[in-house]
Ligand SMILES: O=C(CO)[C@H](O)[C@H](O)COP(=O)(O)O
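Only one chain comes next, encoded as structure tokens, the form predicted on its own.
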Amino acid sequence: MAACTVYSTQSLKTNCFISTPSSKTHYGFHSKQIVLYSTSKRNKRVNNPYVITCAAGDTQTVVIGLAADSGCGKSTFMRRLTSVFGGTAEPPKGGNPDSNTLISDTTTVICLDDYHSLDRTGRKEKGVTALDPRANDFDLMYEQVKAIKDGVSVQKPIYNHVTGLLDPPELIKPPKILVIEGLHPMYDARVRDLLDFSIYLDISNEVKFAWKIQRDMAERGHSLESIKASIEARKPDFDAYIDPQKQYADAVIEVLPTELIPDDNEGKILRVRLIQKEGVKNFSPVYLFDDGSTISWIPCGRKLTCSYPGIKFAYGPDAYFGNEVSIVEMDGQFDRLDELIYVESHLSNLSSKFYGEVTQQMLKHADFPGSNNGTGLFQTIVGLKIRELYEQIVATRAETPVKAAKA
């Protein structure tokens, strides 16, 4: 017969989870009482121990989702975001050298490839790509993201991009900000509901093709034919499972071919649009000159050096998948980043801490891809907006107990 021990803890008003080493799932509960069971002395069989983990206090991790196809700038965006919070994201110390996780003082970035349910061989045998939901474990993704958001550590799996195999799991502790980046952060409605803010990097087919040619031909020695075949093979699944997620995003960074050069197909000059959903909690869109107006602006001249084909900005309200949005657009590229302060001074609602912070961040990472065009500019601005969103959420949570005590 089993012995039962009951512990009553009046102070335990938090989320707790039960897990066993033999199972990848865990079960959450919210209680003031913990019941621990043990087998009798007559039963010599050793059972797997149950581990009860409780979150500390009422703190809760802020969760950000970043969706994009592979090779679309997620890594660069993560580096810019981490820098805004004042730190460098690095792999877990002493862990798997092939870990996809990046950790800084404030943020933890996990790659959703780690939730592949099929390794490279398994996908090939079943004839599915990594983009296909059938190759991913959304139940585990939801359980673990929810646990981290509630302040509970998890043992997250690792997908090894070198071997194509699923490696043993790694410990992920709840950070102040958790960023889940990859192909499917907004695909599953349960995971989507856990996000405090979501971003989609939308690279047009023309630009994506130009980028892939530049990277795979110049850096990896791939042939033009193999690059085309790779893109075409992924396209049906991308269109079916990845691209539709942008309708749920709070902010979309859309990268398109320039309109300043007729019939341009090199993809070196870009037109970038920051699409910002209206009415998002703790987020107020950036605007140019006058909030809600429709504006076209060519800043080139005495205060901004512009070589051919120049720079053009635009701003105005619009609709996007049935949602009201504000769009800031930049077409062209900067010749001198130190002159960006002139453009920054005409943008409002930047969520910067001081005058010139956007320019400072851009100069700090001048060697990052996209630093001379709208991709770097809008990634930096979204990073500042996420910092403000985080601070507002933390402030709101701090005020809640005070208001409750006064009531």
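Because the structure is predicted, anything quoted here is derived from the model rather than measured. Numbering starts at 1 and runs along the sequence shown.
The protein also exists as the form predicted in complex with the named molecule; that form is not presented, and the subsequent description refers to it.
The named molecule is not drawn, but in the predicted complex it has a heavy atom within 4.5 Å of residue 123. Residue contact with the named molecule in the predicted complex: residue 196 places no heavy atom within 4.5 Å of it. In the predicted complex, none of the heavy atoms of residue 330 sits within 4.5 Å of a heavy atom of the named molecule. The closest non-hydrogen atom of residue 161 lies within 4.5 Å of the named molecule in the predicted complex. None of 82-90, 110-118, 167-175, 330-338 except one has non-hydrogen atoms within 4.5 angstroms of the named molecule in the predicted complex; the exception is 110-118. Think of it this way: in the predicted complex, the named molecule has a heavy atom of just one of 222, 228, 192, 234 within 4.5 Å, and the residue is 234. For the options 306, 130, 251, 140, the one in contact with the named molecule in the predicted complex, meaning a heavy atom within 4.5 Å, is 130.
Residues of 164-189 placing a heavy atom within 4.5 Å of the named molecule in the predicted complex: 183 alone.
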